[in-house]
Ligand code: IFM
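As structure tokens, one chain now follows by itself in the form predicted alone.
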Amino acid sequence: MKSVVLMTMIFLSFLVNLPFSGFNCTYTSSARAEPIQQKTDAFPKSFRFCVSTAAHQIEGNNIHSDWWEWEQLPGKIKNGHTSLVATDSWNHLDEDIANMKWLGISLYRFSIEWAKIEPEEGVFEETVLQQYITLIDKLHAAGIEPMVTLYHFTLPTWVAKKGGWEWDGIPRAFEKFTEFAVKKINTRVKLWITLNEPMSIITAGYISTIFPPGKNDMNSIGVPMTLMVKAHALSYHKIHKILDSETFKPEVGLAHHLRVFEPENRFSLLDHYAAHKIDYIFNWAIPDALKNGTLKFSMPFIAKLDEEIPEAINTQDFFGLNYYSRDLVSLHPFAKEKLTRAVAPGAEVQDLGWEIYPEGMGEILDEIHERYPSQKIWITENGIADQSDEKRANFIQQHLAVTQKALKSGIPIEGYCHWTLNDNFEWAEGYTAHFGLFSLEPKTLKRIPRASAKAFSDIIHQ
């Protein structure tokens, strides 16, 4: 009996110190279901179609950000690419809006860049913010509603130097940025997203070295997770304090990256345990905190987080879902690579090796609705790296079929945002990952519609 207890404690010790490599891991294989084939019917008139972008990935010249500093480090970005030009979006604004109108979308999700608006602590650039206001006004003139994200992966350099998401002053700093932006933008925007994918930042920046700050320390995640929830809560309340009136009610949410985690070997207790733990910490710990004000998880004997954050209670007017794939996980306590993630043998994958698994989005939507039954849902990102454009149209069709099935079952989904409009600077992948409905002509950056753009447009217009 003592040997069993000893082996259990050894296993748990290994488990809590697993190196988790974010989203650039090596894939192996396991089983999966047959792919979805059905077509979609016409969506309800109230359903909104949209595309999503992020400022750092499209604008260029974001030189006062932690990501610009990161890009200067050798080996951090594939092929030594940088975001200096990106898609040069400000000089192609009218072209991009015209392409959105051609697609038929009624909403555009984009982010405003904190590092450009507040390049130095307390120094707010009104001319930069006015550029975003011009974009918002042009969208309204084109019949396209804006959805604004306040933080999409990039921090001002001055914030990063203070510790970034480990600096205890970051919630208040983010609140001040929120206040400046929201007061100026005012009622031009109804739909706000505070933070994009907190757990992507945690896994890629604090458990691996893909994103800044590149810590690779599982035990470091509690502080940034806690401060992200606090920053969201302060931003949420500030937006409502500024904009709420008898005639105008903003809606504020957070965009969560949720993935399906399953055991690679369904007969392995180790794989089941690992999948269960990762699923809760990555997918549900933060959404639960935004419901009940408690950020809590534990890994026995080693890691534990139990933070009461009462200001976060009920701070989601809608649930933003970013969905891309599933991971089949396997635990190997005595191997060098203790945690592996797998793709099924013969499974269809996109250019980055992520499994194309539309069924998983249905599973996630079901669980969101079960956990938070009164919560409205926006699918704020869903897309595919597919340079050849051979898979994108079917990818969109399959995920929209899942969406429509969920709608018919009573799940309150407001709309679907495809990632993304144009090929862009895709973080650690540089310009090698092609998620765009439009490709870019290399010299002129002219936008060229892919066949999948027409397929998406046809669905919107049916």
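Note that the structure is predicted; figures quoted are calculated from it, not measured. Just count from 1 along the sequence shown to find any residue number.
The next section is about a form of this same protein that is not shown, the form predicted in complex with the named molecule.
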With the cut-off set at 4.5 Å between non-hydrogen atoms, does W427 touch the named molecule in the predicted complex?
yes
Is there a heavy atom of H152 no more than 4.5 Å from a heavy atom of the named molecule in the predicted complex?
yes
According to a 4.5 angstroms non-hydrogen atom cut-off, is Y416 in contact with the named molecule in the predicted complex?
no
Tell me, yes or no, whether S235 is in contact with the named molecule in the predicted complex, where a contact means a heavy atom of each within 4.5 Å.
no
Could you tell me which one of D271, D317, E175, E197 places a heavy atom within 4.5 Å of the named molecule in the predicted complex?
E197
Here the chain is shown alone; which of Y108, F282, Y132, W354 has a heavy atom within 4.5 Å of the named molecule in the predicted complex?
W354
Is the named molecule in the predicted complex close enough to Y324, E381 and F435 that every residue in that trio has a heavy atom within 4.5 angstroms of it?
yes
Stretch in contact, per heavy atom within 4.5 angstroms of the named molecule in the predicted complex, of 189-197, 359-367, 75-83, 261-269
189-197
Contacts with the named molecule in the predicted complex - residues in 55-75 whose heavy atoms fall within 4.5 Å
Q57
